[in-house]
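So this first bit is one chain, no partners, the form predicted on its own, shown in structure tokens.
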Amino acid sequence: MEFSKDLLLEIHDNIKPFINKTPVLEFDFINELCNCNVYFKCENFQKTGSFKIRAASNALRCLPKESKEKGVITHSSGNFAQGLACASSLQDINAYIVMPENAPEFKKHSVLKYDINLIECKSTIEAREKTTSKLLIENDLHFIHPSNDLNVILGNSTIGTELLEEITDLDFILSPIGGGGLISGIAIASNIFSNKCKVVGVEPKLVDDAYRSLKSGVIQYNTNTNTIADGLRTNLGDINFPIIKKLIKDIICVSEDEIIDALKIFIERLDIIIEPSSAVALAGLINKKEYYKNKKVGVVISGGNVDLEALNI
């Protein structure tokens, strides 16, 4: 599918009432550390604490009237659950959120404050999908996937639209990559709004399915999900992977120690609270900083919803 500048601007304009235009921040310490000009797109300051409300807002807006009247459903252990709960409340659409019982309590409370139907299930992918399918059929709902949905992807493109409107001459944008919805949206925007900006994915070495998928040309999966970057444990999908194959040329893999070191920089040196998945992009930049020397680099901070009890750093 081909995308136009007018389409992306229209999408951005349509979801503006439901989102924050997040700040782009620059720090002398980071510029000196990385030997380049670094611009952080701070989605940790977004409504619900992550970029996911952009995706959810556009997906809901694009639903046919009948689906809006019947309601929607998703399964998520974290940020998309909060994003869809908030977006559906703002657009007055009934929503069901299926969350695993071991999801952080603060994320469950963040969903419930929107008076949303929260359904807990056992903490397995099979249980999530079975519970979601049952409710979907019983209530005749519309399923919205957190990352493998074109309208979700296009909602995420607004991050790239805003960043490239503000910093027009970026050479690169580094983005975390997990399920693929974030980076594919940013890559679409970069392809439309810049004739030189390249989008690079960054993911943990322990869950390097996107790296292996890009190399092989076929979606790969992980047997291990034991990474501190809990938001990046998901796999690519058949809708976003073709976009990634076409528009993403490189993926950097970083170690757990590199992620933790980057997380500490945000907390100790920049006084910014982010979640571990967001630290991955800075870790990738530091890992390959010689490659980016003297360049202008955008770095996406995807969210700031930290489960402090789960961190041991």
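Predicted, not measured: the structure shown is a model, and the values here were computed from it. Numbering starts at 1 and follows the sequence shown.
Quick note: we don't show the form predicted together with a further copy of the same chain, though the next part is all about it.
Mapping the unseen interface onto this chain, residue 9 falls outside it, with no heavy atom inside 4.5 Å of a further copy of the same chain in the predicted bound form.
a further copy of the same chain is not shown here, but in the predicted bound form it comes within 4.5 Å of a heavy atom of residue 32. Not displayed here, a further copy of the same chain is kept clear of residue 61 by more than 4.5 Å at the level of heavy atoms in the predicted bound form. Of the heavy atoms in residue 113, some are within 4.5 Å of a further copy of the same chain in the predicted bound form. The stretch among 65-73, 263-271, 276-284, 240-248 whose residues place heavy atoms within 4.5 Å of a further copy of the same chain in the predicted bound form is 263-271.
Annotation for 41-69: interface residues with a further copy of the same chain in the predicted bound form are 45, 47 [heavy atom within 4.5 Å].
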